[in-house]
Structure formats: C-alpha cells, structure tokens
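Before any questions on how it binds or moves, here is one chain, the form predicted alone, in structure tokens.
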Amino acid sequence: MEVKHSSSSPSSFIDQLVVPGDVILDLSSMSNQTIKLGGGLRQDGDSISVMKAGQLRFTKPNKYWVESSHKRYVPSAGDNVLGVVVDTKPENFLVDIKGPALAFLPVLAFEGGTRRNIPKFEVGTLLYVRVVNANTGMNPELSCMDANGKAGEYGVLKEGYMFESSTGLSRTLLSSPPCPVLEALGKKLSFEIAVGINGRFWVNASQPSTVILVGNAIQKSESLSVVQQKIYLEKLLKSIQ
C-alpha cells in the first residue's frame, strides 16, 4: 500500500516497540510524498496506525512495516517469499506461502509466458516468488517476474533443503549490512541461500552435511545474543576445519 506524506517521518518510532492502536504518523497537514506501508500498518483517514505488536522498521527509500517474530506470515505486496506448490489448476498454481490462505501463481506470470510454454510444476515444487497483490479477504497473487517483467532471481529452487524460521529471523537474514551469522559461515563454507520474508530459507551446497550445518546454525542463532552467536560460530567453525 502506498500513501502520501511530507518530508517528516516517524523516526522516533523506528526500531521501537509499537502496539495496536499506536499512531506513528499524522497526514492531516502534510504535503505529498509517497511512502509504502508493509505488514502491521494501515491508514485510518489521516493517520497511519499499528495493527500488530512488534518493532517498527524502515528500509530506504520509503517502506515502513512492523516486525514481529511470528511463525505465521502476513503477506504484503512486494515481498519476496518461498512458496511450495500444493495444487495445479488450468489458470493458476496454488502455492503455500505460510500465510493465512493459499496464494495463486498465474500460469502466465513468468518471463515470456504464453499458452504454449506453460511451466509444469509437480506438487511439492519449491519456488522463489514475488507477492504482487495482497488485498484483505483475497488470496495473495504471486509472480515469477520482477517489476520489469524479467525472471531475475525468481523461479524454481532445485536440490538443497528448505528450513522453517520465524519472520523475524528472515528479516535479520535479509538485513543490510549482512547478517553476522551468514557472513561468518560464508567465510568458511561454500553454499547458496535464498531467504523468503515469510519465515523460510533454502540452502544448497555440494555436500548435504554443509546444508544441514548451515541451516541448523542459522536456526540456532535466533535464540542467541550477538556475543553468544560469536562464541557459538567460533566453536562450530573450528570443529569443521
């Protein structure tokens, strides 16, 4: 969702705990400037208010959302997610994205997609996709293309293994500067990773043991402090030298 506001921003709330009903921005006397509202926020008249408890987050240039470490994911347009195909229909693939309802991926939502080259996905196929619509009361719509109609990084994730996490851990893995855990593992091990904001991440490597080690280390890191993470990773990486 996009709304207009002035150059003022809810900076005093960023990275702070917010609860339902908190008003983080008043639009009543502000000039135009576009911002994007992610999960946990809504517009009530001239007010931007909080719908769920968590920490208010901001990413440049203009997106705000409420982050909470929930297992259930609340879809938001523009999110990159990992989805599992659960059924195929003539017009759509039905995909589990860990949300309150199944999402649908139109059979033509692929770069160069036509009726002659519709992809064939088996049930259980893992996809890296983009949420293009997430209207309340409707099934989210997905795409395997970026905003310019290109496949880019989207599509089938072959081999490897998908791990479940909280949405909070997903956002940590996607943060900038790079997540310290990923950075430390990447210096010692060779692996691929794809992270969905919906509380899932996929790891692939030449050795299955590396996939398991990386996945388990990432999952364990969520319950550790920064100092504890450093100690844990040092011991872990020494043990595999």
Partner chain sequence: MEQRLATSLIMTVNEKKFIESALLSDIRVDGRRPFDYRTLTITFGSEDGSSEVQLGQTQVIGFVTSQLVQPYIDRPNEGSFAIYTEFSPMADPSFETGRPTEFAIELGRIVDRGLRESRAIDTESLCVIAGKLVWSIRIDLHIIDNGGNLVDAANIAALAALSTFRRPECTFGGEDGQQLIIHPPDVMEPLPLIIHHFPIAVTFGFIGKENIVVIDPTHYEESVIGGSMTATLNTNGDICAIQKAGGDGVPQSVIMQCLRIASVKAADITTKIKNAVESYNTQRSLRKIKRHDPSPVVICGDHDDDVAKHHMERLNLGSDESNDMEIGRKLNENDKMDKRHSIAKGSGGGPASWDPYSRGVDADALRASLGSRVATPPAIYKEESRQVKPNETKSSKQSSLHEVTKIELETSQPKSLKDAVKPKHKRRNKSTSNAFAH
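Positions refer to the first chain, counted from 1. Predicted model, so just to flag it, every value in this text is computed and none were measured.
The protein also exists as the form predicted in complex with the partner chain; that form is not presented, and the subsequent description refers to it.
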Check your understanding: Between the options 108, 132, 84, 145, which residue brings a heavy atom to within 4.5 Å of the partner chain in the predicted complex?
Key -> 84
Exercise for review: Sort through 92, 166, 80, 139 and report the residue having a heavy atom within 4.5 Å of the partner chain in the predicted complex.
Suggested key: 139
Review point. In the predicted complex, does residue 126 have a heavy atom within 4.5 Å of the partner chain?
Key: yes
Check your understanding: Does the partner chain get within 4.5 angstroms of any non-hydrogen atom of residue 159 in the predicted complex?
Key -> yes
Review point. Taking heavy atoms and a 4.5 Å cut-off, does residue 216 contact the partner chain in the predicted complex?
Key: yes
Exercise for review: Although the partner chain is absent from this view, report whether residue 209 comes within 4.5 Å of it in the predicted complex, heavy atoms only.
Suggested key: yes
**Study point:** Answer range among 200-208, 58-66, 187-195, 38-46 for contact with the partner chain, defined in the predicted complex as heavy atoms within 4.5 Å
**Key:** 200-208
Review point. Do heavy atoms from each of 96, 102 and 122 fall within 4.5 Å of the partner chain in the predicted complex?
Key: yes
